[in-house]
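Next up: just one chain, as structure tokens, the form predicted alone.
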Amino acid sequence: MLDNIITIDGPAGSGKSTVAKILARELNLKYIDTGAMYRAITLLALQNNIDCKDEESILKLTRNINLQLDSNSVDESKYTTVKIDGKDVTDEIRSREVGSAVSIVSKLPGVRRYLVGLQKKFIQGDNAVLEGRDTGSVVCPDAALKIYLTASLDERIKRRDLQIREKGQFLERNIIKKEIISRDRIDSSREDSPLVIPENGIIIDTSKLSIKGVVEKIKKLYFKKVNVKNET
């Protein structure tokens, strides 16, 4: 068991990013947003007019770029800074176009294997909180604590709607609902690294919990896990 690693998986709108950033900050751990990596590769494909199902072409591009993540988790309200070959693409990877296509790119087996390899390198010898959809099942199955966050569909729609409005944008809720359901279907049904509850993972329903409440619950679980390990 890796005492210095916490994984947080779950569907869109479950609260993964905010919770992971706060945990990383309060526990003095590195924060790794694996989803941002898939978004970056999706942006790359779109910018180069590559079909999002063209695995070979996407992989060729991906292997020839320098992908950087800023693991600073000081402000949980901000996205992880992502750079491709030194260029900041943080805002671009959060566009609706990228959001609509990322599930297509992220289901490509070769792309997943390549990025999982990078993610494993990122955590070598480090303390970290990993957040995504397969961090506890594939990237780091030996993590000290594996969390699976979930929430009701209505709550996830509400959160996504608020997130969009905070950007000064608007999207009808029925469209948000369709996008979330579609993303869930693609993520949970892909052949390579599907979204699943990891073995020995602990499920936390965040629908009626505050962010602070979720964070405190996970911290207690983490300290218990680590202490038990140290006592054996």
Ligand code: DC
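Not measured: the values here are computed from a predicted model. For every residue, the number given is its place in the sequence shown, counted from 1.
The protein also exists as the form predicted together with this ligand; that form is not presented, and the subsequent description refers to it.
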ask   = So, in the predicted bound form, is residue 16 in contact with this ligand at a 4.5 angstroms heavy atom limit?
value = yes
ask   = Does residue 133 make contact with this ligand in the predicted bound form, using a 4.5 Å heavy atom cut-off?
value = yes
ask   = Is the gap between residue 34 and this ligand in the predicted bound form 4.5 Å or less for some heavy atom pair?
value = yes
key: Heavy atom of residue 80 within 4.5 Å of this ligand in the predicted bound form   = no
request  = Select, from the options 145-153, 82-90, 121-129, 104-112, the stretch whose residues sit within 4.5 angstroms of this ligand in the predicted bound form by heavy atom distance.
outcome  = 104-112
note = Those residues of 182-210 with a non-hydrogen atom no more than 4.5 Å from this ligand in the predicted bound form are 183, 187, 190
